[in-house]
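Listed next as structure tokens is one chain, alone, in the form predicted on its own.
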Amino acid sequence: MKLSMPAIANPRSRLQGFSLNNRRSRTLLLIALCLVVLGVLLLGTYLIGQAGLDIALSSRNQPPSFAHPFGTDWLGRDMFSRTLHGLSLSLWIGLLTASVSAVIALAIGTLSATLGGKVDAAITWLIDVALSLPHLVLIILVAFAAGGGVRGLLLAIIITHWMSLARLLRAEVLQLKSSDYVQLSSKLGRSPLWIARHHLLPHLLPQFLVGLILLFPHAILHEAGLTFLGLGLPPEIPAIGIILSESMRYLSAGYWWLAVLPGVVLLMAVQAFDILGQSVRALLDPKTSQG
């Protein structure tokens, strides 16, 4: 009797699903790279500590070099260290404000579509009015009315960033309400809040996650913009908006690295969040997750 040898798994077959020729694998790789970059920016201050933030007048206004990759400012402080601290602070503020704003959008969008009637009409009217106003002007007005500072900055970003996501989630809930299992639950006497909790919220999580990630770049840019205009964080905090605001007065003297390099890093962080959001959306979308 001839014995058959057990088949040995080919290591290449295990890696076949992770081939870069596969769209899903490329998306996962891109998400991993963005998470690594953002993780370094968020935790970079804990790695370098307070190094480079002390005043050193003997090293002031030095151009970029190996010792100081982003040069030094008018007080001799290392601009790379200041940029990393400022960007880390901006990212944490963006994380907080975007998360709170996304939760508000989820609650309001779900309640609007679930309760319907006058509640839906009032919320829809409020969203339309808010979106019809110039976004930046609305943020500045809210920050000014709240007194500026950290409190005004947080309130301005949170209050003005939930409307678009709430409208998207409301439309998704309206589509889900027409499904058979939701209508069956309604006929069985389930309350609208019970249906929203058990049937609607699980299906809204992918859209909520993508919307939350895409809110980050807006929150970060608006935090930097408000701080740049003097309505955000106090000047003693090394925020990215304060760094850019202080550097503007030195551009005419030829110290271009004080504003250009921190601005480029800010744009890279914002772009990383945008790429992350688009990649997560492509990964969760059944039409684009395969292939």
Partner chain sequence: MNFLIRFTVSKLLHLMLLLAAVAVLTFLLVSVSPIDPIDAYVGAARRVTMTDEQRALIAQRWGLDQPLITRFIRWLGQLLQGNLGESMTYHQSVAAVIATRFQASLWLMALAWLFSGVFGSTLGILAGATAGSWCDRLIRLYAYTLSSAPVFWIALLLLVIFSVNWQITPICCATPPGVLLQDVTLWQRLHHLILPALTLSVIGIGSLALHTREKLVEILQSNYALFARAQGETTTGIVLHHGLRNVALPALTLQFVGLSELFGGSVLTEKVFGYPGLGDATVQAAIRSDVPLLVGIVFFSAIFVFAGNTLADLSYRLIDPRIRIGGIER
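Residue numbers count along the first chain shown, from 1. Since we're looking at a predicted model, the values are computed, not measured.
Not pictured, yet referred to below: the form predicted together with its partner chain.
Looking at 176, 107, 136, 119, which has any heavy atom no more than 4.5 Å from its partner chain in the predicted bound form?
Partner contact (heavy atom, 4.5 Å) among the options: 136.
Option touching its partner chain, based on a heavy atom within 4.5 Å in the predicted bound form, out of 41, 266, 233, 34:
Exactly one listed residue reaches within 4.5 Å, namely 266.
In the predicted bound form, segment of 180 to 188, 140 to 148, 94 to 102, 194 to 202 with a heavy atom within 4.5 Å of its partner chain
Contact criterion met by 140 to 148 only.
Site test, 244, 256 and 270 vs its partner chain in the predicted bound form, non-hydrogen atom cutoff 4.5 Å
Contact check passed for all of 244, 256 and 270.
Mark residue 252 yes when one of its heavy atoms lies within 4.5 Å of a heavy atom of its partner chain in the predicted bound form, and no otherwise.
Yes, contact at 4.5 Å.
Determine whether any heavy atom of residue 29 comes within 4.5 Å of a heavy atom of its partner chain in the predicted bound form, and answer yes or no.
The answer is no: residue 29 has no heavy atom within 4.5 Å of its partner chain.
Does at least one non-hydrogen atom of residue 239 fall within 4.5 angstroms of its partner chain in the predicted bound form?
Residue 239 lies outside the contact set for its partner chain.
With the partner left out here, check for me: in the predicted bound form, does some heavy atom of residue 225 sit within 4.5 Å of its partner chain?
Judged by the heavy-atom cut-off of 4.5 Å, residue 225 is in contact with its partner chain in the predicted bound form.
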